[in-house]
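Single chain ahead, by itself, as structure tokens, in the form predicted on its own.
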Amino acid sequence: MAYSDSEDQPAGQNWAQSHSFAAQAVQRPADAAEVRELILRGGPVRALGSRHSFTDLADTTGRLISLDRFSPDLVVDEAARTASFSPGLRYGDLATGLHARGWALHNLASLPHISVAGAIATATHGSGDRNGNLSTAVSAIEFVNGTGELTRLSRADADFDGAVVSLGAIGIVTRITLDIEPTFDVRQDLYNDLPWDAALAHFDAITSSAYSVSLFTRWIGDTIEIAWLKSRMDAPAPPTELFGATLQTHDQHMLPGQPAANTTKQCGVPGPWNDRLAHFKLGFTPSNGDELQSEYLVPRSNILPALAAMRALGPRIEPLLLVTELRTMTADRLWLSGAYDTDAVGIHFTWKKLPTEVGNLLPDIEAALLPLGARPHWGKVFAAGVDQLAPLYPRFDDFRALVARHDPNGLFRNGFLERKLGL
């Protein structure tokens, strides 16, 4: 069976060109039956999404399976308030389709360009004190496991909470069902120069001042450069002044000197959720990819000492940094989620593309954050290995047992899973 004419072509690089894939080939099945046939050929094999991971998480020494030839097959069940679809969809395309039918997702990440399956598998998130990460919207998931069995798990199943944030370790996802809600409008407002003293004294009030709040900082000086509030139009209006920060009257990129043309519309102009909850427009490339990213999900109860530790490291962080974004999320029950059993704050670093220098600094950042319970984002650059990660996840051993059941022959294992999970 011919899956595509690119089967014998090199796998190429990730989006940021920070990793060259070692895989021998990329295969593009068109449906679950073809996925099953490819898996039954044997491994090693891994799923390939939109290449937005900054590490070798999605790589393999064998074959990569891309799902971009699947028909989207978006089905909305209005009575159940769910939408099911093929996993190759990007969030921006899914959101456009849902909004056209009068429905919405509860949140989006900063980039609408990422694949739904990849974002879910790594516990990628948006922001908002009451919003779970993107994976929490999953109500059912279908995948072909390492024995070729097509498996469907829903919230009623015991293994569901382990299978959603799976890092691609239990199979190739073939269909996803998400919770949806009626469409809604959002406005975005930016505030400049939020005093650090005010941010620390009123952190809860600031992050709860809108449906979704992002704070952008470079860790030096007395102020947080930008506070970005996304407010639902069916909720109270945002404040005109934010604890000393000044409301802006023009659109603004989070990086100094960068044009705002590729960011979603700001200045309080209402628009549909799918054109406001992400930071960047789907039709624009948000950057040239000349960057690295790291992120640590800190238990909210420990965020003040975590911020103090990062400010103390500011003189070492700032020369390597493009920007840091702080975002919040509510607790969930997904075993490998950064917000498992705790409200969390994401400390996200967008680095200059200086892999050696960043790699040398990360152990010191982790020495400060991991003792506070911080969990690294699985799709971004971090130094910690299995011995440091295992104590951070109460269901760590349960997840490894789940992998053993669904992939007894290790078809989906790779170097990343060996280093980080001991698989």
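Residue positions are given as counts along the sequence shown, with the first one as 1. Note that the coordinates shown come from a computational prediction; the quantities given were computed from them, not determined experimentally.
Missing here is the form predicted together with a small molecule; even so, the following discussion is about that form.
Residue 54: touches the small molecule in the predicted bound form, heavy atom cutoff 4.5 angstroms: It does: once the small molecule is placed as it appears in the predicted bound form, residue 54 has a heavy atom within 4.5 Å of it.
Close approach of residue 376 to the small molecule in the predicted bound form, 4.5 Å, heavy atom: It does not: once the small molecule is placed as it appears in the predicted bound form, residue 376 has no heavy atom within 4.5 Å of it.
Any non-hydrogen atom of residue 118 within 4.5 angstroms of the small molecule in the predicted bound form: Taking the distances in the predicted bound form, the answer for residue 118 is yes, it comes within 4.5 Å of the small molecule.
Partner proximity in the predicted bound form: residue 36 to the small molecule, non-hydrogen atom cutoff 4.5 Å: It does not: once the small molecule is placed as it appears in the predicted bound form, residue 36 has no heavy atom within 4.5 Å of it.
Non-hydrogen atom within 4.5 Å of the small molecule in the predicted bound form for each of 15, 46 and 110: Every residue of the spot touches the small molecule in the predicted bound form.
Partner-proximal stretch of 120-128, 235-243, 298-306, 249-257 relative to the small molecule in the predicted bound form, 4.5 angstroms, heavy atom: The contacting stretch is 120-128.
Of 83, 210, 190, 167, the one that lies within 4.5 Å of the small molecule in the predicted bound form (heavy atoms): That would be 167.
Single option in 215, 114, 95, 334 placed near the small molecule in the predicted bound form, where near means a heavy atom within 4.5 Å: Only one option qualifies, and that one is 114.
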